[in-house]
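The chain that follows stands alone, in the form predicted alone, written as structure tokens.
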Amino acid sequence: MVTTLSIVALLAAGLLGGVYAVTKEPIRLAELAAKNEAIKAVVPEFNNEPSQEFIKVASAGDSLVLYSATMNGSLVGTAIETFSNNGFSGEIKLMVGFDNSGNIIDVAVVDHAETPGLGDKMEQAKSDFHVQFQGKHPEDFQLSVTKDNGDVDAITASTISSRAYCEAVQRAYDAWKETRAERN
């Protein structure tokens, strides 16, 4: 019985390892494609490979990733992969694009687990929530919801998700300011 169980366990482990080996690269490529699409959504047209040219910045026990988008060698914008752990259902990941002056170009949701029909309205395909950030400079635009004396109109019935979104955008701006000299 022990021998039979050992053989079954070894076979199962071997099959699991084989499936992992076969799917590892396609999963990595799919994640890279999603990241590249998010970068394209938040910065002006570029002709480099931003996902290959990045800077990591420590933030809140984790790190943010800054991607420099260039056109013919000149910086046209910076996409920052940011996060907040304070969403209603946990972590929210965003990609925030900044121009060279620090103005927000656009914001795209990369990943979240917010409530369908409520918090998930932060996604571009489900509402225009992100539009209120476009063209705004965080020095002049208070990145918090109006309920907290900020300038952001929260998603109806999703104040917690809206606060987390604003926190992630503020975290991205802080990283943009901190690394400004390194990117220019």
Partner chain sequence: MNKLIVSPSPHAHTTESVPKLMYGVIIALLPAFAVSFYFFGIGMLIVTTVSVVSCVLFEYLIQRYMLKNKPTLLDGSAVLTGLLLAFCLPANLPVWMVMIGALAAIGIGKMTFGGLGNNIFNPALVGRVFLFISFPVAMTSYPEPGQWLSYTDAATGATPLGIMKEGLGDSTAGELMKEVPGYMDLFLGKMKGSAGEVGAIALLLGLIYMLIRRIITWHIPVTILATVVVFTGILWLVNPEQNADPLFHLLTGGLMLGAIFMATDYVTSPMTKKGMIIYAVLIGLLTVIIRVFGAYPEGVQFAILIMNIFVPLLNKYFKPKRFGKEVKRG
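Every value quoted in this text rests on a predicted model; they were computed, and no experiment measured them. Residue numbers count along the first chain shown, from 1.
What comes next is about the form predicted together with the partner chain, which is not displayed.
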**Asked** Any idea which of 53 to 61, 39 to 47, 136 to 144, 113 to 121 reaches within 4.5 Å of the partner chain in the model of the complex, heavy atoms considered?
**Response** 113 to 121
**Request:** Kindly indicate whether 88, 156 and 159 are, all three, within 4.5 angstroms of the partner chain in the model of the complex, using heavy atoms.
**Result:** yes
**Item:** the partner chain contact in the model of the complex: residue 163, any heavy atom under 4.5 Å
**Value:** yes
**Heavy atom within 4.5 Å of the partner chain in the model of the complex - qualifying residues of 33 to 61** = none
